[in-house]
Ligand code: CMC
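What follows is one chain in structure tokens, specifically the form predicted alone.
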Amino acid sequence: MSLCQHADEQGKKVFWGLEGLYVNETEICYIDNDSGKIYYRGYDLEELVKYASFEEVAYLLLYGKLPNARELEEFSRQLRARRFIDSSVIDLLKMLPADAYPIDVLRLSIDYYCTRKKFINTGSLKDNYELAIDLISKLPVVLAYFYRISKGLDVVLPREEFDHPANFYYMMMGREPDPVEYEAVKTIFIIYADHSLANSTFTAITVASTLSDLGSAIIAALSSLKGPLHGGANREVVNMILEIGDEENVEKFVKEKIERKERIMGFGHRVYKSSSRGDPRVPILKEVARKLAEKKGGKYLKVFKIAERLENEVTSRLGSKGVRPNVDLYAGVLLYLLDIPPDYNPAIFAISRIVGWVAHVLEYWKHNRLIRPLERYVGPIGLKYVPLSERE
């Protein structure tokens, strides 16, 4: 690099975190801050949560339209048929430490599966859809199996008559969800299914842009999702609420966090910072969480009330600066109400978001271009090599 080039680079603007830059065009998810709405393929997310099944939403994201009755039945049949996993996978899960992070278990399982299948990216849309449906169907089964194994419980086999959310809950908890629990699981699955170009989705398409295989892109996305600033945030929300312990402690907790300029988990989101309406997913999850908390009572209602008090306290102090509750506040609470251990929260996110990851990867491949951004060099130029014997 010449000194002239170096000087030219000094004048280039750096968009830290790629904030405010458009790097792609999509037909999958639109976040409308003006109206306070999120749209999947043009459909209002709130309406999809209220009226659609998870299978309908998954089909919509993957294929670009809501299925008719025949298409839905065939898609649902494929998901049900692929729930059964090879005994060698169960043997693998039994070899893992009981306290292994569930999201690491999902990564390992996909790697093992793709290695055994010798899956590569042939460019075949049919092959990629086959793998996608396999992974969407099998990952919840793997997660439920690992949960049971890690707790010393017998694994629970899939039930063909249950849909995707009900079967996952049944396999994990060993019983069919009641209507309020089912609504909670379905809501989590649909709301987490996509959210535009989140970090894990961008990671997936970055890997996919090399024309690597779909499995590798999903593994990379899982790695991104593990971080506490993304998928791990819903785990930290629960730990934070349990640390607070009581509604009476909320005000002091928030005040001290603000004074120390520390992050309060479950609050703030770059996409919604300038929106007066905040994250549209929050009121949907909050209402479902309220119903489940009031039904279960006791410690569950206590956790919900702490979260609600947190929402009010943080919003009153920081709302004018764009810090409002995000999806993780009540998603974390809802998962706690479902008796999901906090370490499993990011993995629940993952078995839902895999639908969005696949949809974005397949869309990006239609006009693939290798993602290779620039970085501005700010170091020295023209240093002379000094022999080792002469260095201080």
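We number the residues from 1 along the sequence you see. Here the structure is a predicted model, which is why all the values come from computation and not from measurement.
Heads up, the form predicted in complex with ligand CMC isn't pictured, but that's what we're talking about next.
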Quick one: from E243, E262, D99, D91, grab the residue that has a heavy atom within 4.5 Å of ligand CMC in the predicted complex.
E262
Of L48, A359, A350, V327, which residue is found within 4.5 angstroms of ligand CMC in the predicted complex when only non-hydrogen atoms are counted?
V327
Just one of 214-222, 106-114, 263-271, 175-183 has residues with a heavy atom within 4.5 Å of ligand CMC in the predicted complex, so point it out.
263-271
Non-hydrogen atom contact L62 with ligand CMC in the predicted complex at 4.5 angstroms
no
How about K321: is it within 4.5 Å of ligand CMC in the predicted complex, going by heavy atoms?
yes
Would P165 show up as a contact with ligand CMC in the predicted complex if we use heavy atoms at 4.5 Å?
no
Does A233 make contact with ligand CMC in the predicted complex, using a 4.5 Å heavy atom cut-off?
yes
